[in-house]
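A single chain, nothing else alongside it, follows as structure tokens in the form predicted alone.
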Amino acid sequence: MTSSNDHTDDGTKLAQDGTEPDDTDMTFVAQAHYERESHRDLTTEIIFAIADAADVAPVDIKDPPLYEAVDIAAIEDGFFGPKVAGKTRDSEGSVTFRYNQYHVEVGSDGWITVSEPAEYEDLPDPE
């Protein structure tokens, strides 16, 4: 697992101002970084991040196929695509999608963050 400065020690993702949890209903699980010049493509980086979150081998991430959850080619073209008419793409933002119980966010900065719903404390028995 790779971490960054936008998470607390317990892995909670912080809001962009770095002061408050981004989403108190979600718990940070894993993170990876995609580089356009990397030997791995974006699909592979996402699969590895989800596998890290699930603590399984990347080859075990196959149900459902990732392409059924998100259009990776659209993300790749929008954030990391080749120059168009000689100009680089400068799209900023992020795309989020759900893969099984995981919330996956792919940012235009290349960070791939995998979170899952926070566990809620069991309510006391009404007896």
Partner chain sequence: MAGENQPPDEWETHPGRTTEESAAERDLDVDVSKSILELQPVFEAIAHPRRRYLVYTLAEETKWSLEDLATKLAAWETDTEEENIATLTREEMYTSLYHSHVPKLVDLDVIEFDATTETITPGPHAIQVLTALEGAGGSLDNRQEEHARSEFDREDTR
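Positions refer to the first chain, counted from 1. Keep in mind the model is a prediction, meaning the values are calculated, not measured.
Another form exists, predicted in complex with its partner chain; not displayed. Remarks below refer to it.
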Checklist entry - According to a 4.5 angstroms non-hydrogen atom cut-off, is E92 in contact with its partner chain in the predicted complex? => result no
Any chance F48 has a heavy atom within 4.5 Å of its partner chain in the predicted complex?
yes
**F97 within 4.5 Å of its partner chain in the predicted complex, heavy atoms** = no
Practice problem: Check whether I61 has any heavy atom within 4.5 Å of a heavy atom of its partner chain in the predicted complex, and answer yes or no. | Solution: yes
